[in-house]
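Starting off, we have a lone chain in the form predicted on its own, written out as structure tokens.
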Amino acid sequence: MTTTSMQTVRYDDRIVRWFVCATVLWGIVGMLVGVILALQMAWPAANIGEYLTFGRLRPLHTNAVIFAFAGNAIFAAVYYSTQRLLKTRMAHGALSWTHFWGWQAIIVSAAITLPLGLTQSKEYAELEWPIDIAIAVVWVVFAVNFFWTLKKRREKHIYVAIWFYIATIVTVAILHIVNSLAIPAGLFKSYSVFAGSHDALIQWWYGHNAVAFFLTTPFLGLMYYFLPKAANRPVFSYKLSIVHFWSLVFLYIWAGPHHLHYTALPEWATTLGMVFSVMLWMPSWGGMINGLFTLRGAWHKLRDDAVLKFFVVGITFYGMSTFEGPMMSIKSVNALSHYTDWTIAHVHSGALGWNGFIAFGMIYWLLPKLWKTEIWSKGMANLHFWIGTIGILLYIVAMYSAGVTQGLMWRAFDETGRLAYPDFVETVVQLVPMYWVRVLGGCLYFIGVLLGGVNMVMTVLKSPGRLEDTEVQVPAPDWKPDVRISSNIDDTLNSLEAATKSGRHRLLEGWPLVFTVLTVAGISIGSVVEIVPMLLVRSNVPTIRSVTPYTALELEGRDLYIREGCVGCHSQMIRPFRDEIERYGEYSKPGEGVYEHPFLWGSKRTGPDLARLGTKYPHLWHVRHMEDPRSTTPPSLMPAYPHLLSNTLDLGSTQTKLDRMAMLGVPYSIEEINDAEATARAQANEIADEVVAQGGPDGLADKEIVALVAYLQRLGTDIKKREGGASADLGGQ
């Protein structure tokens, strides 16, 4: 009888403990900022000072929740489960700690730069180019450590959780690098290499799939490992997990354009995104079914087990979100939901319910195992669950109500055929009570997170003084590669045939390199089919003869618009609907954005669309509105920006900015670039003089407000309207 030799393996639990602590810490920070933002939406006075306005804090909140809270939870899950599934310690401790501290440094840099207004304005990709490079470097460190560990594994076949980790690592790297391509115009200033419709397509290819491959696939991997452990039950269906994984990886990458229905993106691209979004129903619900059915025979544990409660409700929210997402991608539904708070409800049901609850379920399961003691208070864990659940429900019900209210009021016409609510602010007034309910729901969820933090701290304090890494005895690997490469092609084919008889997918599970290559191929097909024709076929973006580049001062004003986060509340994309054309003017054309680096179409209308704002109001109105929005629009919820009237306008880098734009193809002449500062000063003086002539304050010629006014007054003026509403100056391929 052959005796199997055993080997001792010491898992690296310390790195997991640190990632768990970071998860809870950043969860508290991220949720706190979210509560502040909810309060600012209901009560504008909560916007305090230049650096803590809604526009500057919103990207901080999204980055903190996605990349700090959820990101650290992902890494804790990967480092804990990978070692145990592969029966080996992580490949290199130095790489693990470089990953940990590098990621925390990136988070801190985001917390510093975003309130300072240093942003690229792209959804989920706001961080400027030096931080983007740091993200890529740290991600590569993580990838090297993971795949090195995979290579030295002691388990032949890779488990389903590992499949999802592989998909996450390779896809996030591709998404981040492509979407972050930019030309630096300073230490913390850059311009996207893509413009207008092209930039919008790339951004939402990234944005949708950041949700797919950062907030979905790694959490599914987490679910496939920790849920069976917590329930002490095997995964419901191995075959379903195979279908779930490969269909999700292939289909998800196509869905991004559904965020851009009825915009200046070609209809073929958005329709393609919609079709694949609808098909995502099947694999997404396959994953939900596999998760919930894994609990068969363990439902009786739910009454007392907080871990299973978090997992069950988290998976349920996953099912709800992945049903609603494809539904919202259908054009007729999207026509109502887009730009409204319906989208906010959808996003938060997934983020708070799916990601948040799965993460907390994992943490509560890990605490006793990592700190070698019982959890401090099971009652507090259950209280966290119930308070968090009520908080989520209050939040999303309020936002669903607000979203439907917005959509219906915007498109309402009276019996005379006129807009029933022609003034945008009329819809805002109706939303305030719902915004206060959101504040309450957010506060409850935040209190739950605080309870979880207290429970963790008290559990850590009652742990033994010295925590040893887990040590296990595992069989020494006695397996050989499934396929042996030989110089004789017949021997190689025979080896392949023999391996295939055991199951084609089992073959892949023993061949991680091929598995990874096939995963990359799966996500690449949709990316290439959607992006390449858009970039190469010129007719996708017809030119417009009257569209010209921004002046130097207007470009500076546009950068101020980006700095203040105005794109978070104002869209610049009029859809071809009767109500939008009546309210805002001629619908937006693809050719209008050819010099827009980056695009600023926006994805939410807390305020009115600005695509045709230029010349609608005199300069003084904009000055007063930015100084105190309620002086011009009493019910407005917009923050005040008095610092724009006192901050000195810095034109020292204007020439560099025009030069970088010229590098990207914007047709600035050498003279325009060399005279950039002088021409900007001249236009600033003209605007300041007109403000005085209109009865406004003197001394604004060297203040930031004149640049922002110049930009706002330019919006939409390249497209002139004839009598009857027909557009002029269109055409010219």
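Since the model is a prediction, treat every value here as computed from it, not as a measurement. Start at 1 and count along the sequence shown; that's the residue number.
Although not depicted, the form predicted in complex with a small molecule is the subject of the following passage.
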Worksheet item: in the model of the complex, does Tyr617 have a heavy atom within 4.5 Å of the small molecule?
Response: yes
Item to complete: Find out whether any non-hydrogen atom of Phe54 is located within 4.5 angstroms of the small molecule in the model of the complex, and reply yes or no.
Response: yes
Practice prompt. Please check if Tyr421 has a heavy atom lying within 4.5 Å of any heavy atom of the small molecule in the model of the complex.
Written response: no
Practice prompt. Evaluate Lys309 for contact with the small molecule in the model of the complex, applying a 4.5 angstroms cut-off between non-hydrogen atoms, and reply yes or no.
Written response: no
Discussion item. If the criterion is a non-hydrogen atom within 4.5 angstroms, does every one of Cys566, Leu610 and Trp621 touch the small molecule in the model of the complex?
Written reply: yes
Worksheet entry | The unique member of Gly391, Pro326, Pro629, Gly117 whose heavy atoms fall within 4.5 Å of the small molecule in the model of the complex | Pro629
Worksheet item: Can you pick the one in Thr633, Ser401, Ser190, Ser109 that has a heavy atom within 4.5 Å of the small molecule in the model of the complex?
Response: Thr633
Worksheet entry | Contact stretch among 99-107, 453-461, 599-607, 408-416 - heavy atom within 4.5 Å of the small molecule in the model of the complex | 599-607
